[in-house]
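Before any questions on binding or motion, here is one chain by itself as structure tokens, the form predicted on its own.
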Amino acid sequence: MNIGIIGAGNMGHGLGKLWAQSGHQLMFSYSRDITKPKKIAQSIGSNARVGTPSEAVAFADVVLLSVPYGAVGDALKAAGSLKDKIVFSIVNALLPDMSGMAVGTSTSAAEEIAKLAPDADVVEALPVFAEVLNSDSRRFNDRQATVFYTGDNERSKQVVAGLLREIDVEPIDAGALKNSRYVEPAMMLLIQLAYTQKMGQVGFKLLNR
């Protein structure tokens, strides 16, 4: 699969590295530091290359949107038409200083992205933290972390679920895209536990019986 990655931060790098190990082809794009995507691609190897956001979209079967919430509008403008593309968003609606949510409970980052890209199939999942992605294992004491995904197109959701399984997490279908307005604040709680409460690497585990 060809995966275009818009955003060259730690999350995009971590996910891309793991997907390249599974044989996917990557194109990195969009960074304030124009040398960063090149360095990331070089570190991953022959399965990774660099392009503009619009080139990454044209290249991609799936577009990973991995930018800060405040950069979404600019990134999507640079991406151009996303008609009929699967947009896998890992964007949470965090304030720039991560002290709280820019939106929440009545809408979500995912829903706002879908408004800006109405011709795309937006699927959201907020995977484990970058520190976990870039560690030797994504597991917690040999247990897979639960990652919730949301979306309105079942085929696109299954594509994203498959990509999540490849990073060794447990994907759980959390329903329609509008349910992101509950998933995103839950992820904010993990951020508070990890960094404010200094609990270190944390994740969700869904239990059911």
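Just so it is clear, the structure is predicted and the values come from calculations on it, not from any experiment. Just count from 1 along the sequence shown to find any residue number.
Here the subject shifts to the form predicted in complex with another copy of the chain, a form of this protein not shown in this document.
In the predicted complex, another copy of the chain sits within 4.5 Å of a heavy atom belonging to Ile3. Put simply, Phe148 is close to another copy of the chain in the predicted complex: some heavy atom of it is within 4.5 Å. Contact check for Glu55: no non-hydrogen atom falls within 4.5 Å of another copy of the chain in the predicted complex.
In the predicted complex, Asn179 approaches another copy of the chain with a heavy atom inside 4.5 Å. Highlighted residues Arg32, Ile44 and Pro96: none comes within 4.5 Å of another copy of the chain in the predicted complex, counting any heavy atom. In the predicted complex, another copy of the chain lies within 4.5 angstroms of at least one heavy atom of each of the following residues of 89-121: Ser89, Ile90, Val91, Asn92, Ala93, Leu94, Met98, Ser99, Gly100, Met101, Val103, Gly104, Thr105, Ser106, Thr107, Ser108, Ala109, Glu112, Ile113, Leu116, Ala117, Asp119, Ala120, Asp121, in sequence order. Note on Ala176 and Met98: their C-alpha atoms are nearer in the predicted complex, a change of at least 3 Å from this conformation. Panel note: the distance between the CA atoms of Leu94 and Val132 is larger in the predicted complex than in this form, the difference being 3 Å or more.
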